[in-house]
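Before any questions on binding or motion, here is one chain by itself as structure tokens, the form predicted on its own.
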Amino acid sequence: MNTEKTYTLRDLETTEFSGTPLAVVGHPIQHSVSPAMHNAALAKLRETDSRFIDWAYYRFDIAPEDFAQALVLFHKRCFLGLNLTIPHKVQALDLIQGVSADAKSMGAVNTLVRDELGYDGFNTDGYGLSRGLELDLDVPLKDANVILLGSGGAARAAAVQCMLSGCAQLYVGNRTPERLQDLLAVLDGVSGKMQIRTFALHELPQDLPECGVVVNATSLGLQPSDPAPIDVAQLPTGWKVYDMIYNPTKTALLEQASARALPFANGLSMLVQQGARSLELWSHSKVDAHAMLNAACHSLKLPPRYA
């Protein structure tokens, strides 16, 4: 089977996927480098373990209204694992049989693991964000000041991870106040003493501390014409900027950070780290994250990070 193709619900209905199939599911999904990344890691696993000889990872574009039907078909076609991205991370909660404790707290799942009766849900986004901030910006979440932009599935995972990691303060901004209340309701069930403040995206809080990190979890930046979700000029000079979007590699938000000489990074490291954790859940084996990162860089036409 062609692992570079973008498959559809029709393909899922009519095509047999042999061996042990895995997939990323989203809408849109054409931009995803997850297949290249995971298939590179599987190739490394095959070098020392023949158990992975027939494992392969695919890409599926499934609209929200078709997701419930697709999930039944994925199970029927024996897909061992699924990664979920926009817009399925929250929707899946009502369609799966079991949810891990952290994913339940986050109110979203990004990783599904098959068993005989259906799929169990996990969330590796929080772990991926935490590791990405440490690797790219030298920012441990513990005791950090964080501005989080957005309130969807990725933002929920990030907010819960901030609480679990012991952030000093969390500021959450969104375009619609109603969605912010949904996120705050999720956080009510998470233990922690971190202070949480909300704001409208067009108006950053005035009394920000000298240092911190901005994390963009909105979709603003996926399209070249998208504006930056906030005005980076309003940040104190000690702040750093992390955009979960990795394709394009430099969004308007990161362009603004660069113009101000603020340290910045895109979400490629988060993608790799959450992906490695997902593959470990499916394979019960240690995964080579360096191979995944290099494959992702190759797909994005970037220089490899590791020789």
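Note that residue numbering begins at 1 and tracks the sequence as displayed. Owing to the predicted nature of the structure, the values given are computational and were not obtained by experimental measurement.
Missing here is the form predicted together with a small molecule; even so, the following discussion is about that form.
This chain is drawn without the small molecule; in the predicted bound form, the residue among R131, R179, K104, R114 with a heavy atom within 4.5 Å of it is R179. Only one of A40, L254, I245, A276 comes within 4.5 Å of the small molecule in the predicted bound form through a heavy atom, and that residue is I245. Looking at the small molecule in the predicted bound form, residues L22, A68 and N123 place no heavy atom within 4.5 Å of it. In the predicted bound form, the small molecule sits beyond 4.5 Å of every heavy atom of Q169. Though the partner is left out of this view, L222 does reach within 4.5 Å of the small molecule in the predicted bound form, counting heavy atoms only.
The closest non-hydrogen atom of G267 lies within 4.5 Å of the small molecule in the predicted bound form. Residue contact with the small molecule in the predicted bound form: G152 places a heavy atom within 4.5 Å of it. Listed stretches are 277 to 285, 22 to 30, 245 to 253, 58 to 66; the contact stretch with the small molecule in the predicted bound form is 245 to 253, by a heavy atom cutoff of 4.5 Å.
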